[in-house]
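Here you'll find one protein chain in two forms, each presented separately as structure tokens under the names structure 1 and structure 2.
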Structure 1
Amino acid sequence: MKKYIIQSLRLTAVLLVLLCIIYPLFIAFTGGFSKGNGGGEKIMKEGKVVGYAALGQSFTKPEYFWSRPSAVDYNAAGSGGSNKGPSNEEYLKQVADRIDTLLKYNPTLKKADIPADMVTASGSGLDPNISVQGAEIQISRIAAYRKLDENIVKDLVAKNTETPLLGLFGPTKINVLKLNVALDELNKK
């Protein structure tokens, strides 16, 4: 019995050193080589930080690309989904209201063309990205509000499209904050 207790204590001590000291130091060290040096990639506009690339923000003005809805009102301190299933009446009403809003501000849009990411919240409620289709359905609205040629806005969407890592890992996506900052820069020119 004493033999097993000593082995258990040794294993516990080794795992404590490995998982509580060495692993966190390794992660902190490697994080220093990432964008933002482990503190998150900051998005700058006119020399000021306007947000972080990994956190979604609400955009509701019609001259901007709209973000994916959030179940937590984009509050990073309370990240999480709504936990409402597809048969929940309140959830179905929220989705229907989001569809109606999209159709109201995008009159040329058909209900069948609306991608799911534009009317449903992500699991964290903080998704900073939308699908390419989610951006494309908004192009005509933004071009009209900003008095830009639609092809210019399409090019901007194409330039801000992020492809999967190594062409394999993850979806093709567009960071909404980066796209809206680029849109503002385009209007200044």
Structure 2
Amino acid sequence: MKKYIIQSLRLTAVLLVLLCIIYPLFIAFTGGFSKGNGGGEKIMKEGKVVGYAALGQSFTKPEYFWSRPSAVDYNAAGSGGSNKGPSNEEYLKQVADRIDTLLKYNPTLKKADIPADMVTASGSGLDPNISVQGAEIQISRIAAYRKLDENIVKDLVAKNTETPLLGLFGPTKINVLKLNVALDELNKK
């Protein structure tokens, strides 16, 4: 037994060096060559960092495309979902309220066109994406607020639509932050 204890102690010490120092430092070194140098890819606008490509952020002004609802208000220092069960009455009321808000700000919108992702909170509370339908239902509102032709906004949405991996695998989606940055540039022209 004593032999095993000493072997355990020594082996643990050796493995701590190998697995907790050498391995992660090697990965950190290699990761330094990636986009964003290992700190996450950032999005710039007019020379300033306005966010991370991977992280969603809150958009509530009517002239921007809105993100999905978030249970943590897009707090990137602490993530979280709502963890509401499907039959929770209080939760269902919240969803109904979100539908009403969307209808209020988008007068031409038909209820049946609202996609579920725009009225439900994401798992992380930091979802950077919305569905294509989620963007389409906002086009007429944004065109009106920005005094742009609807077709121009529509083209912009189409241009910012990210196709599945290799065109084959996974969902089609839109990065809200990138789309809104592009939208602001459109207005400048």
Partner chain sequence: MNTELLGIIATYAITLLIAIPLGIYLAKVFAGEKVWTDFLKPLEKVIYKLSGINSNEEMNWKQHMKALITINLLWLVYGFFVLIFQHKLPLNPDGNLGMSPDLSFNTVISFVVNCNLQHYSGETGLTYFTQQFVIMFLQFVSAATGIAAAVVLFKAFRDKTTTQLGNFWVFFIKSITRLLLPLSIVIAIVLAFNGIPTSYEGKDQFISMEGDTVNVSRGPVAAMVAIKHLGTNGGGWFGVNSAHPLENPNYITYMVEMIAQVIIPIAMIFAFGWFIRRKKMAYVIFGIMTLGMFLLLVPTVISEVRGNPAIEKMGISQATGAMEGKEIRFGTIGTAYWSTVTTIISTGSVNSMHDSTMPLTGMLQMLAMMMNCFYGGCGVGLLNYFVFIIIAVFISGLMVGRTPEFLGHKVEAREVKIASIIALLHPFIILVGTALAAYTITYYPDANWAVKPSSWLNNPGFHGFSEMLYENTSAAANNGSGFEGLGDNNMFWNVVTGFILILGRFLPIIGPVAIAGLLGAKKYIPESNGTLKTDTLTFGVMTFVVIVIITALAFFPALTLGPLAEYFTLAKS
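Remember, it's a predicted structure, so these values are computed and weren't measured experimentally. So that the term is clear: the rigid core is the largest set of C-alpha atoms that superpose within 1.5 Å between two forms. Structure 1 provides the reference sequence; residues are numbered from 1 along it.
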| query | finding |
| --- | --- |
| Form predicted alone, given as structure number | 1 |
| Yes/no, I27 Cα shift of 2 Å or more between the two structures with rigid core fixed | yes |
| Per-residue C-alpha change between the two structures, L165, threshold 2 Å, rigid core fit | no |
| V17 CA shift between the two structures in angstrom, with the core used for superposition | 7.4 |
| Shift in Å of the I6 Cα between the two structures [rigid core superposition] | 10.8 |
